[in-house]
Ligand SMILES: Cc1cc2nc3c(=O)[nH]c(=O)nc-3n(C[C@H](O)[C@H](O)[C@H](O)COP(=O)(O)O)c2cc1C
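We begin with a single chain expressed as structure tokens, specifically the form predicted alone.
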Amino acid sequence: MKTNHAQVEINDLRDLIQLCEQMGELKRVKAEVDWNLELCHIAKRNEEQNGPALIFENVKGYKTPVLTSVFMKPKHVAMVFNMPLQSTIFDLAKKWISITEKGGIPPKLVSNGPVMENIKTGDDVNLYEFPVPKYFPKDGGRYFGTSVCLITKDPETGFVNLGTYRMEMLDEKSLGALILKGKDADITMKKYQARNELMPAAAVIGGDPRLFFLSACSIPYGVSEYDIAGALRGKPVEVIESDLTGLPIPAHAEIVAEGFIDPNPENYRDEGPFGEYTGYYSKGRMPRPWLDVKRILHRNNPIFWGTTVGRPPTTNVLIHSLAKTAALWEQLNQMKIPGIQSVYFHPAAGRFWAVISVKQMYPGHARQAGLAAFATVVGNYGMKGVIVVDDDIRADDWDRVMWALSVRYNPVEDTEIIKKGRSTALDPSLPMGNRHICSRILMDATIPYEWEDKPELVEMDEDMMKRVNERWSEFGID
């Protein structure tokens, strides 16, 4: 399958910007724009109009440009995957799986890279030198980390994790981080706490955009996002071993703030609230871990990358849709659940609802697929609903999924309720202060395998359909 856009190898954020501009998918905003709310409100209106990626070149008080609204459309992601621009999330996830099933490619250690062009320590460390936006009116502050990868390293195994956690700029040398219970950085942080040691960490903006996809994904602990990114690239990600933290830093990142996180809850600082991907504000200001920034690295003329988050449509939801679709599909395959045809998280559904298409091979097969989804790394955290459909429906064909719920789903027989599951603290459907446990529902919208007398599906006559297709141009419809 040939792509229908120019073949540009994307190794970093600048390559992606160049290709988006080349394809008419990027606009440069030259008018002065305030980082305080105005930038976000322009980006949000643009996103709701399905607009292009934006670079704000004249942010009030700053020379550094801000990139937003990239990955608003599947075609933006297709550029990174070297796929046709008309590719769907389903197509992209399928390619993701086909590549990563062959195994990861570990990062390559290099001695230098563009991110080392500027090194600032001591009194020169000042996060306010970057045009960090304040996104929403009731946000607790300016958020440095929206399109960010936080790098941490397991002190026992050496496992390197990249995770996306919102990061508020508390002052010129401090970044508050929402590291929720059970997330990879939290698991690692508890190990440092047990050792009574500070946790080295680095907040990375820019570099290979695939890293941001993966850091926002739910990947099993012990599997490094660097390795999967290498597989998706077809070659290793170049990293520099930091002489400050010992962490592998992407050599082509735009901006890196590195230092240490004190894992002792007694030393946490207040952070939040923030307008989250759920479309609601998170719980008010609370003590949370924070990164004590000891050094800033950045390229010459760096580009700051941010996302609006908030209620869909946003950049964030599309990335979550692709990352979680691919991850759940791959994890079901790893569990050896047979017959999985396709998986899909609708962008507006966030992490909460998935659809699975399965070719049934035995009684109870559809229930097995649905229940297995809740047991995966992706499904175990926050997912509250799974809809299972037969193999004649693609999981991303929402019209057909709704049809299946209408004509193949009997609520009293085809519903499974799970009363206790692991939730996310950001789920606004749960009461404030009690968001660690949620209920779950499995909706089996398949025709039971064991039925001998199955309803007869209305099908087109194959010979007539072939004849119609052959004569299609005669009808003057297209």
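For every residue, the number given is its place in the sequence shown, counted from 1. Given the structure is predicted, the values throughout are model-derived calculations rather than measurements.
Although not depicted, the form predicted in complex with this ligand is the subject of the following passage.
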{"query": "Contact label in the model of the complex: L162 to this ligand, heavy atom within 4.5 Å", "finding": "yes"}
{"query": "Touches this ligand in the model of the complex: A185 (any heavy atom, 4.5 Å)", "finding": "yes"}
{"query": "Contact label in the model of the complex: H298 to this ligand, heavy atom within 4.5 Å", "finding": "no"}
{"query": "L371 within 4.5 Å of this ligand in the model of the complex, heavy atoms", "finding": "no"}
{"query": "Proximity to this ligand in the model of the complex (heavy atom, within 4.5 Å), stretch among 357 to 365, 207 to 215, 117 to 125, 194 to 202", "finding": "207 to 215"}
{"query": "Of I337, I303, I393, L178, the one that lies within 4.5 Å of this ligand in the model of the complex (heavy atoms)", "finding": "L178"}
{"query": "K94, T325 and V343 all contacting this ligand in the model of the complex, non-hydrogen atom within 4.5 Å", "finding": "no"}
